[in-house]
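First comes one chain, alone, set out as structure tokens in the form predicted on its own.
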């Protein structure tokens, strides 16, 4: 019988375990975090002296939001990689728990970790762009709602991407990187999607990152309200409603195949 309280406690256990793993590899996390800051700085500095303060903020927002979205997408799939690294993947997948419980815990960890890292990077940015970044007119409520709704879509994509390291420990992470690069290309992270070829713009319309960036940029640059961004938010919600069940289903199929093919081991 499905016990909601028990499953919630198990999901929390996966969240706690992942944070403990971060502590174990804290030196590497500091290195990756430093890279996130340097990457955002590099992107923002491209426009310093060449454009307006709004242009600088446009690029910085792209770097920050893409960093958050890619963390969410990557951390869900990294949950499988962690299992292989620790040599626990067979035990976890054979444990008497619902797979959705395991994955929900991983998804919540991805959201919390993404918010934590992005929040720290955002706090650091004004130290380097004091004269170019003014967030006094930003609509933080619109931005928060957009991030929350967008998280649903990228959790769904992350669940789909998680089958790559599940099925191929050798090349799975590389496949995730390719997927991230494709989404980065078509979503207008650092440029307007109108500069893309028309045939490629068609793919931009199904990318949740496109609508996420539009709404957050409007909120931070134009003080746009939730009502103003209702169209983008509804599209993001629809994409999330589609991708999350689809992601669970695809992962379920991948898990069944991995068990049949004997891929639930550290070496694959």
Partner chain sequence: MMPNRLIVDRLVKHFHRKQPYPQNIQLTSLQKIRHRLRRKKEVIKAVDNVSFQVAMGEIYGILGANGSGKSTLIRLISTLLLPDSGQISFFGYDVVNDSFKFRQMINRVSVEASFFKRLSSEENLIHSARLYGLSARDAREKAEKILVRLGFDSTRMDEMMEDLSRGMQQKIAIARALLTSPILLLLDEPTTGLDPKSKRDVQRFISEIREDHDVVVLLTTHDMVEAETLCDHISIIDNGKFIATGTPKELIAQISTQGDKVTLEDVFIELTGKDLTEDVE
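This structure is a prediction, so every number in the text was calculated from the model and none was measured. Positions refer to the first chain, counted from 1.
Not on display, but discussed next: the form predicted together with its partner chain.
By the criterion of a heavy atom within 4.5 Å, residue 14 is counted among the residues contacting its partner chain in the model of the complex.
Taking the partner from elsewhere, residue 115 is found to have every heavy atom lying beyond 4.5 Å of its partner chain in the model of the complex. Of the heavy atoms in residue 175, none are within 4.5 Å of its partner chain in the model of the complex. Proximity of residue 246 to its partner chain in the model of the complex falls outside the 4.5 Å heavy atom cutoff. Across the options 177-185, 116-124, 97-105, 147-155, residues that bring heavy atoms within 4.5 Å of its partner chain in the model of the complex belong to 97-105. In the model of the complex, its partner chain lies within 4.5 angstroms of at least one heavy atom of each of the following residues of 18-48: 20, 21, 24, 25, in sequence order.
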